[in-house]
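Below sits a lone chain in structure tokens, taken as the form predicted alone.
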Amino acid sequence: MAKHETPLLDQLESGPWPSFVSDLKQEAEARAKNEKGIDYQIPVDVCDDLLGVLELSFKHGRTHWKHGGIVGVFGYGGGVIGRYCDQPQMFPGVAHFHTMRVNQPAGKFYTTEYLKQLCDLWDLRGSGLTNMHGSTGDIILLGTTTPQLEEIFFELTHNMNQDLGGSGSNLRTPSDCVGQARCEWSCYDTQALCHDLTVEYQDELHRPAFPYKFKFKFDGCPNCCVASIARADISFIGTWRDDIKIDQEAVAAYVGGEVPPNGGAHSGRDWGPFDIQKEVIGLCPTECMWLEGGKLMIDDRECTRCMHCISVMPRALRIGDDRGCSILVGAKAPILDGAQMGSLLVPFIKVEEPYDEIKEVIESIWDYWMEEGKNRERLGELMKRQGFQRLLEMTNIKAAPQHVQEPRHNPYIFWKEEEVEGGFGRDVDEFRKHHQR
């Protein structure tokens, strides 16, 4: 029988989708019965009290969690997010309810044996509740007590060869898409780059020294399956420099209805016959495609590699062979200054071990941000405050046409005195007067 009445939470079980409330109740019941005979190291009623405190939060319209301050494992400044309930007498099972972030493997590939070990560990020393995966990419282990932190850390590192992830003002756990392991569109090995940079920057990951959080995310192609362009301070998005490959016979098969578009995936609605003009050519953002004599033509000089046409007609269109990635910087969700998408910094770079060119870009950005960034100011906010030109100067990257968002939006063309003196046949004062007019 439930320990707390939860009429408000119960409403969340009434919708058409699976509910986390049902999962919590199931776990609470399993821990109460303890048919496996587990010697629980934290209060047995942790899930019951979690339901109770959430119900109270719904009732009061405010949270009943308080931040845990400094709590973690020896030698690490990140990886553990401290949480304490502000009603410990009413809900003793969640008086401590710390979250641990565990560094997920590249591509999120697991063996069943590993997952069983992880679940057994968390059943014993935690609440049994996990989030696979958090929006940042980590394995999220939800809810344990302070005395169990070191025990869990020891088990993870010594017996499972597994490290904690990042939290706080540090490099957050790098996260990547499945890449070339499963995806024909991946333009570089996302898993190899993600793993290499995770290992390379262990100190930045575990010992917070940044103005605020910093995220790497790796997308193998512009379809952006880990949404790096919207969330990563530095996003690595696969692209190619040569032409899209076209199979004209397959194009004709799509037009003739012999091959279904979108890889045969449908939303359940009958959209009628495939219309290449309406569904592909008319939706090209740069209008670089057209039909000529029944053949699909592409002006690749105008193509921005958005992947829409390739995604709709995967048998007919293929990514090019000269592959690498674009590096974009400054994306974030709303913090100080609203949401921002990533801005293109490096239009194209080859992704080849040992990735020295990529690391030079990363470290020059860090040097700039750590010197100029204010407390709790993300890279994107620093760029907005000081201008894109300043970032180009600090990274020694030359301005390129791809840095221009739109006509008359030139973030880097500002003349300096040493650049214009004598260049206009007049001194600097005359140049200023001319410029002001």
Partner chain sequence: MAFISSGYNPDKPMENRITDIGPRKYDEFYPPVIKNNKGKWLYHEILEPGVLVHVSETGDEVYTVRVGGARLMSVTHIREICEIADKHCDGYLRFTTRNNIEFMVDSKEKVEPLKQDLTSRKFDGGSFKFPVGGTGAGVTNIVHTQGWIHCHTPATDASGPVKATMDVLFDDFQDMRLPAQLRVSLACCLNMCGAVHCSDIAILGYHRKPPMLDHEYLDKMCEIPLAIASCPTAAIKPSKVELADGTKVNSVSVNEPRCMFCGNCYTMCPAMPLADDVGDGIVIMAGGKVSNRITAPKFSKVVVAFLPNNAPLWPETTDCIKKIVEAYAEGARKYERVGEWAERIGWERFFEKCELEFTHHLIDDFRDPAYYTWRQTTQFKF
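Residue numbers count along the first chain shown, from 1. Everything quoted here is computed from the prediction, not taken from an experiment.
Unshown form predicted in complex with its partner chain; subsequent notes refer to it.
Novice: Given the stretches 272-280, 343-351, 359-367, 294-302, which is the single one in contact with its partner chain in the model of the complex, using a heavy atom cutoff of 4.5 Å?
Specialist: That would be stretch 272-280.
Novice: Contact between G264 and its partner chain in the model of the complex at 4.5 Å, heavy atoms?
Specialist: Yes.
Novice: With the partner left out here, check for me: in the model of the complex, does some heavy atom of Q89 sit within 4.5 Å of its partner chain?
Specialist: The answer is no: Q89 has no heavy atom within 4.5 Å of its partner chain.
Novice: At 4.5 Å between heavy atoms, is R83 in contact with its partner chain in the model of the complex?
Specialist: Judged by the heavy-atom cut-off of 4.5 Å, R83 is in contact with its partner chain in the model of the complex.
Novice: Using the partner position in the model of the complex, report whether P401 sits within 4.5 Å of its partner chain, counting heavy atoms only.
Specialist: No, P401 stays farther than 4.5 Å from its partner chain in the model of the complex.
Novice: Tell me, which of A230, A95, V71, C288 has a heavy atom within 4.5 angstroms of its partner chain in the model of the complex?
Specialist: None of the others qualify; the residue that does is A230.
Novice: Just one of V329, I140, C325, V255 has a heavy atom within 4.5 angstroms of its partner chain in the model of the complex, so which one?
Specialist: Partner contact (heavy atom, 4.5 Å) among the options: I140.
Novice: Listed by sequence position, which residues of 353-385 have a non-hydrogen atom within 4.5 angstroms of its partner chain in the model of the complex?
Specialist: Going through 353-385 in order - heavy atoms within 4.5 Å of its partner chain in the model of the complex - the hits are N375, R376.
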